[in-house]
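The chain that follows stands alone, in the form predicted on its own, written as structure tokens.
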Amino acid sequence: MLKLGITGGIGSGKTLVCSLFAQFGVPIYNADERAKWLVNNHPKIKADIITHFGESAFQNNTYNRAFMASVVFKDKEKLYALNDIIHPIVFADWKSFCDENSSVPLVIKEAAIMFETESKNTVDEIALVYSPLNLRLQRVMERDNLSEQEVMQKINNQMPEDEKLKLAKYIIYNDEQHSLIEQVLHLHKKIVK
């Protein structure tokens, strides 16, 4: 089984690309969604977050995203501490997902930050979904009802796209110039021989 990572900046179209792979029967693990679920439902994660960040980290037994963002985005050490709590359990969850799907030739892990974390070491190859900045801005502003400044703040917190382009084995262009379906079909055929 080949473990393919799908990554890309905010608004690049990772989820759309993964939904196309899913049409070919490829199991998709959305690391960001699973991490959100695990933070709210895994007892060790909850206990460790409360120990490190206090009772305010959860409100009505639900992860207090706004509070935690205000804490960790001001202090890189606290962000690292939070990642050290969450990432090992997400990695174990990904391993279980792979074990459950061991009979298929390809599984995909979708993650917004892959090159920036140890997540890159949990897959065999990485495909970058690349989209020009103007399209990413437009998509995220419409999708999340955010201002251009708010979207740029998120984009500026991610690894620059030109660095990701150098690191990815495959590039899928989501630029309204290339057919996404043809690119996904070609890559699927190339990987699943």
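Each residue number is its position in the shown sequence, starting from 1. In this text the structure is predicted, and so the values were computed from the model without any measurement.
Another form, the form predicted in complex with adenosine-5'-triphosphate, is not on view; read the next lines as being about it.
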Have a look at 51-59, 66-74, 164-172, 138-146 and name the one stretch with heavy atoms inside 4.5 Å of adenosine-5'-triphosphate in the predicted complex. 138-146
Mark L185 yes when one of its heavy atoms lies within 4.5 Å of a heavy atom of adenosine-5'-triphosphate in the predicted complex, and no otherwise. no
So, a 4.5 angstroms cut-off on heavy atom distances: do all three of I10, K14 and L180 pass it with respect to adenosine-5'-triphosphate in the predicted complex? yes
Can you tell me which residues in 76-111 come within 4.5 angstroms of adenosine-5'-triphosphate in the predicted complex, by heavy atoms? E110
